[in-house]
Structures are given as structure tokens and as C-alpha cells.
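In the block that follows, a single chain appears as C-alpha cells, in the form predicted alone.
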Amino acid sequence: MKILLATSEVYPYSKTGGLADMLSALAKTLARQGHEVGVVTPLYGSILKKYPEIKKMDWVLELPLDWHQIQGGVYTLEVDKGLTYYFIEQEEFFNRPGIYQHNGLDYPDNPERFIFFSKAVAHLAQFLPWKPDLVHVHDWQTALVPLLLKHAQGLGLLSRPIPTCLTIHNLVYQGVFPAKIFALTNLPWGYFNPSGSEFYGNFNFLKSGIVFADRLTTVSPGYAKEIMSAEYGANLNGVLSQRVNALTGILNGADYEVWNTSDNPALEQPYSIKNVATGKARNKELLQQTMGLTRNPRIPLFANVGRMADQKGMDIMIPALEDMLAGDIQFVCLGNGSTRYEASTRELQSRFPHKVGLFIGYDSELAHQITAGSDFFLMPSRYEPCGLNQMYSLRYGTLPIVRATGGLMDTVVDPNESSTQANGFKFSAYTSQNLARTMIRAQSVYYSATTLKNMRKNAMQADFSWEQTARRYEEVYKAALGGAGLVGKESA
């Protein structure tokens, strides 16, 4: 197949979260499995400086936004055999300090930026010489592409049908803007209705993709079920229920070329399942030293790496830690986000200077060192479409402590579910008390050498490789190609 992937961020060129990791790994794996793959992404400000091998194509974009004509360019890089990246240049839109926001505030022209980008993606889909069979878009920033291509096909402007697949990485982020923004699409206002792009009087990018894409996916089977409910559906559960037969939950994979313990430049002490106890002990000692903690191998070390946000469970994690740190534990945290939670973690560190290690920001090497050196990884998310950090921690023999939601529910096995297959700990009710109780359960396992050894072994043997994930996407692509032009019939 010839597959064009469209994304607002992709590792290593741009990244704010798991979307960038997912796109990079999916593209690489599909190409290795014999497909011809293109990735379209914006050319953000620092990319050319870091990657001067990216070259400008002789391709001038001139795309309308309402009555304005906006010019742009296309840069390209052949990353691997069968894998080419296309970077959309538009100096005013993309040459900025941040991807979506600056100083914690969204760019006010984000709708213009990503309507232009979506139009560029649709343009490439039509005119790239290798003629992609299908376009796979991700999240609200590219969710207009299915509608743009459907409209072009209806006008007879396409030389061939180009089916689309939309992946919802997080339903909460929908790209909702005032109705007047719809004029920038240059589409007929007939699409702006409750069965199309209109959403309680506003223009909803993601809803447009849900309605008009040939196939829909989300990033775990558990999340695919959750978003059909009022609790997790973010007011789109009704729309999604009409497309339920087009929706597939596919668990993201983990890139084990990057996230591994045996061949990792970030780890001073490599280890494997054969020497996990000694390997983790040494990495723990190094981590305690790096983060200014008491160097004691007997103290259980808990960790968290990620965004400091309500979604990630910070509002129950901070109170649970306040209780638990009165006992004999340590905690290491790497991340940033809400100023409230940054302040709360700083206060914890000031109160427990030899028990709490903190790095506000992100450091890739330190993330690997924390995951390798910790005993337990905290992910008490309010909701979690897929989650990658729990997969990384499993591969590192660091037992995850998670709330049973979305992809966390699909990847972690609690001892109460299976004493022989357990690889972590889960709790259900979203309270700090339940998290603390689960941490106490983890502590008891820590002091039981045989149980700890078996659970670490199970964790490191868990396989969430991208090969099997990519095969699931192949099945979805084939379904989209087989049903091109039949959108809606599956729910009629």
C-alpha cells in the first residue's frame, strides 16, 4: 500500500507528547513491512537548523483561507527506504517558539494555521507523484482532511478516490472555534450543520473528521469503549455511536529500539531480564545520587514522568504522596505543566529534600534513567487513551501503578487478576486514598523478593512492539480501501 500520514508533530522533529512518538514508530514500522509511506508535518522554526539535510522541493503552495491566498513551500527528507517526510513551510504560521502555544497560551490563530496545514495535506494527497492510496490523519489538527478530500471527490476534482482514516489520540482536544472560522475552509456552508461540522453553534474540527473519515481508530480497545459513554465521550459520544462500526481500538506500540535497557546510551548500567535485580539496583543507586536522595537500596523508589495536569492524576497523586512520604519511601518526578502542580511538587521536595527528587521540564536521558532506576512508576490518570510510559516502565522492570482506565487497563495485570501473570498494580475509584492503598500493596511486594522477581520478569516480557500494532492498522487501511466512498453505510 501507499500510505500518507499527516500529523502536527512527529519525533524527532517536533514533540509535545505521545502523538509524536506514535507517528514516528508507525511510519517506520509500516515502511519496514514493505509499504510506501509519506509523513506530512509542519516545518516548525528550529527544524532546519537541527536537520540541515532537509531540502526544499520545487513546489509552491498557494492555498485559500477565505478570500486570502496563502503561500507556502514543501521540504522533503528521505528518512529510510520507503519512508519520506514532507515538511510544510509557511513562515508566518509555523516559524514560532512553540507548536501550539507560547508561555502557556494557545496561539489565537491556531485554526488558520491548521486549516492551512490540512489543505496542504489534501493537496499533497492529490498531487504527489507516487499517488498515495490512503491518507491517515491524527487528532483535530488534521481532522479536516477527510472532509476536504470528500468535497473534492464530489466535485470530480480527484483522479481517484482517496479514502481516509482518522485516529483520535485524545477526544478532549477537539479544535472547537467560533462558527465564523468555517469560512476559512472555503467549503460550502451546507457542511456546517448538526450532522456535519457544527457543534453547539461552533465549528468543531475533530467532529468533522469523525463524520467524514472512512475509518476511525483510537489508541486502545479500552478507550474505544469508554468514549461511547457520557462520562468519557466529551459530548461527542452520540456522534461516535453513529460510527461505531467504523471505529477500531488499536493499542499503541512501544518503540523498543529507543526504549530498551540493554543497548541504551542514556543508561550507565545496562541490564536485561537475566540480571534485572543487580542492574536495577545499580541504576537506582545512580539515580538516588543524581537526584540528591538518600542512597539506600532498601527504600522503595516511586517515580512519575509526564505532564503535570489533572488528566494525569496529579490532583490525587500529590495528597497520596504527602501521606506516603511520612513513611520510608522515595519519590522522583520529571515533568512540567500546570503552575499549581509544579508548585505542589516543589513544596514536596522542600519538605522532604532527601526523599523527593524533582526536575521541572523534560530531559530525555533523565527520563530513561528514572524509568530504569525506580522500583514503581505512578500513572494514576483520570483517563488515559493509551499511555506509553506504563509500557516503557514494564520493559524496564519498573512495576506500574495505574488507574484502571483506557490503555492502562489494557496493558497492566494486577495480582488480584492473576497471581502468575501480574506485572503491576491497578485501582479503580479515582481517589488519593485508593492510590495510597495501592502504593502500600506495592510496598509489600517490594519486600517479598520472590514475588518482586516474578512480577519484574512478567513486566519485562510484556510485548507491545510496533510490528503487531502496524498489522492492525493494515487491516483498517484495507477496510477503508475496500469501502472507499461508502462512508455512513456502516451505520445506516
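When you see a residue number, it is the position in the sequence shown, counting from 1. As the structure is a prediction and not an experimental result, all values here were calculated from the model.
As for the form predicted in complex with a small molecule, it is not shown, yet the points below apply to it.
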### Message
If contact means a heavy atom within 4.5 Å, which one of 313-321, 192-200, 162-170, 394-402 is the stretch that engages the small molecule in the model of the complex?
### Response
162-170
### Query
If you check in the model of the complex, is residue 19 within 4.5 Å of the small molecule, heavy atoms only?
yes
### Message
Considering non-hydrogen atoms and a 4.5 Å limit, does the small molecule approach residue 219 in the model of the complex?
### Response
yes
### Query
So, in the model of the complex, is residue 145 in contact with the small molecule at a 4.5 angstroms heavy atom limit?
no
### Task
Consider residue 252 of the chain shown here, and say whether it contacts the small molecule in the model of the complex, taking contact as heavy atoms within 4.5 Å.
yes
### Proximity to the small molecule in the model of the complex, single hit among 307, 123, 382, 243 (heavy atom within 4.5 Å)
307
### Task
Find the only residue in 378, 386, 135, 372 having a heavy atom within 4.5 Å of the small molecule in the model of the complex.
386
